[in-house]
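Next up: just one chain, as structure tokens, the form predicted alone.
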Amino acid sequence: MKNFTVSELIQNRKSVFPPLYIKKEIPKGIIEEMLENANRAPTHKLTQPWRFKVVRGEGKSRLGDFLALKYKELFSDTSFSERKYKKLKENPVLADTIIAIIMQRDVDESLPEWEEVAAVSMAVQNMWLTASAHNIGSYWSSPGLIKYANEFFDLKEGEKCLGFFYMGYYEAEIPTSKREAIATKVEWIEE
């Protein structure tokens, strides 16, 4: 593994989608490193709202079947798309590992919910940067079906699924997405 500067990691991080993943297992140690780094995210009042469910092996097929069947159940009468059905079923199987991103709401609601979501997002960014450092492609998917995640996962009271973090090795060249110049988004107030 090459040593990257923080700026290099951030500037080269990109979304790599499941159809581009190759059949190569991500070592459990790297996944554990990603989760440890997620655990170091900033958290107001130390609520540490991030929770994760790691899906591998046959669990991926079960997750894909669940998502596809739930989609069919909800949309068979209205806007059902065979393409979307297949994508929901196949993407989990194409990934080596999927991590369900869960937020545990502070029971006392001592913080606004957006702060808890922001903390979980920073935890995911730490995982993403760790994956990038290991040349592992990843992608945060947040399909509308995540609101039914409690039917698949054993979510505790106050837990809410915010999406799925798909991961896999890849060989394709993935261009880094373009960003507008930061100068167009910043106003300096110095007086």
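Please read all numbers here as calculations on a predicted model, not as lab measurements. Each residue number is its position in the shown sequence, starting from 1.
Another form exists, predicted together with a small molecule; not displayed. Remarks below refer to it.
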Check: With the partner left out of view, is Phe66 within 4.5 angstroms of the small molecule in the predicted complex by any non-hydrogen atom?
Finding: no
Note to self: Please determine whether Ser132 contacts the small molecule in the predicted complex, using a 4.5 Å cut-off between heavy atoms.
What the structure shows: no
Notebook entry, point to check: Heavy atoms within 4.5 Å of the small molecule in the predicted complex: does Tyr139 have any?
Noted result: yes
Check: Though only this chain appears here, would Lys23 touch the small molecule in the predicted complex if you measure heavy atom gaps against 4.5 Å?
Finding: no
